[in-house]
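Have a look below at one chain only, the form predicted alone, in structure tokens format.
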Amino acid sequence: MTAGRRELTKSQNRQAILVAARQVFADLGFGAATVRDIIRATPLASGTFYNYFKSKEEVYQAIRDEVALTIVPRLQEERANAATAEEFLAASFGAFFEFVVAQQGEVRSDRPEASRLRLDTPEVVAGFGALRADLESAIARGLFPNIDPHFLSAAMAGVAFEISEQMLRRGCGAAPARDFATALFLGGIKALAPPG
């Protein structure tokens, strides 16, 4: 088998596991699902699973990482179209919270620790980098005062993740969460602006 064909097979096997796991997690819930359930939902041999993942938790994280990548282009587009700081914040938080609500039903998890996003995966870190770059651009365009984009992106990401968890726990929609986060940051940014 050539190297190119081998890589294609590996990619297809990994994708088959992820597709099967999505369905199994949606049907059974994360807590009830087992690696054996995932393997049975694929056409692969049982040992093949362990060439790609060590546990169902690793599969779940891989699914979450893939999902995290899909929102980045939409967030970047929304932020690029913003004409004011308020539009930038509302677009960022709104798109993210709507995405969280839409993804809620994809993987049913009866264990809160399983649904918590890991903030240290390469995919999520890339999303933070995109936010920071968009903030730097917005500062250069005059939408924000000259404040630290590293701190601001970290604060926005932290607030977005924590509020999204509260949204899901409380069954609250995206709009109230967006409005709260936007108002919180608009008030705080004014206090951070350098004098004069």
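For every residue, the number given is its place in the sequence shown, counted from 1. Predicted model only: the values in this text are computed from it and were never measured. For the two forms, the rigid core is made up of the largest set of C-alpha atoms that agree within 1.5 Å on superposition.
What comes next is about the form predicted together with the DNA, which does not appear here.
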> Out of 50-58, 66-74, 161-169, 143-151, where are the residues with a heavy atom within 4.5 Å of the DNA in the predicted complex?
Replying inline: 50-58
> Could you tell me if residue 23 has a non-hydrogen atom within 4.5 Å of the DNA in the predicted complex?
Replying inline: no
>> I'd like to know if residue 44 sits close to the DNA in the predicted complex, meaning any non-hydrogen atom pair within 4.5 angstroms.
In response: yes
>> Can you work out whether residue 156 and the DNA are in contact in the predicted complex, taking contact to mean some heavy atom pair no more than 4.5 Å apart?
In response: no
>> Can you work out whether residue 33 and the DNA are in contact in the predicted complex, taking contact to mean some heavy atom pair no more than 4.5 Å apart?
In response: yes
> What residues of 160-195, in sequence order, lie within 4.5 Å of the DNA in the predicted complex by heavy atom?
Replying inline: none
>> Rigid core superposed, CA of residue 25 - does it shift 2 Å or more between this form and the one not shown?
In response: yes
>> How about residue 57 - superposed on the rigid core, does its CA move between this form and the one not shown by 2 Å or more?
In response: yes
> How does the C-alpha distance between residue 58 and residue 159 change in the predicted complex compared with the present structure, closer or farther, given a change of 3 angstroms or more?
Replying inline: farther
> Your call: residue 169 and residue 31 CA atoms, closer or farther in the predicted complex versus the shown structure, by 3 Å or more?
Replying inline: farther
